[in-house]
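Listed next as structure tokens is one chain, alone, in the form predicted alone.
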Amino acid sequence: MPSTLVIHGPNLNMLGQRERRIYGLTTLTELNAALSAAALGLNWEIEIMQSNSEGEIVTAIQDALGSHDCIIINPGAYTHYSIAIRDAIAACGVPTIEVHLTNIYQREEFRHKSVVAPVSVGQVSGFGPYGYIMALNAANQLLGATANTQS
């Protein structure tokens, strides 16, 4: 059974309370429940974590090697400057999909640059909480395609 690690970065624990006009009303608990249900429907194992700490996120990425087939990450503000998270993704080699609730390219100029994107297999941006489900479906397709080419 394939396995994914979902990492929610800084301030995502505040979903449903934080800047509702931008991030919506869905709480992190609701988002995680939807992700867990989607994973169950795809017959995937899922581990979900949230951290406001860059070091904890780096460690989780490193620990994914050998225990998860895919990482889905919303690095939050770390997207734009965390070389440590970028390097951890590159070093571990686990296929990673970057997710953002908002379209970062329609927002402030400083949000337009992602240091994580070049080491990710793809990015989902601007679809709210559904973006995580899209990423999980993409991972399922990606790993299904990988499994088919290795047969």
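Computed from a predicted structure; not experimentally measured. One rule holds for the numbers: they count along the sequence shown, beginning at 1.
We do not show the form predicted together with a further copy of the same chain, though everything after this point is about it.
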Selected contact from A38, I48, V124, L28, since only one has a non-hydrogen atom within 4.5 angstroms of a further copy of the same chain in the predicted complex: V124
A138 within 4.5 Å of a further copy of the same chain in the predicted complex, heavy atoms: yes
Close approach of N32 to a further copy of the same chain in the predicted complex, 4.5 Å, heavy atom: no
4.5 Å heavy atom contact, R111 and a further copy of the same chain in the predicted complex: yes
4.5 angstroms heavy atom contact with a further copy of the same chain in the predicted complex for H68: no
Stretch 41 to 77: residues contacting a further copy of the same chain in the predicted complex, 4.5 Å heavy atom cut-off: N52, S53, E54, G55, V58, T59, Q62, L65, A77
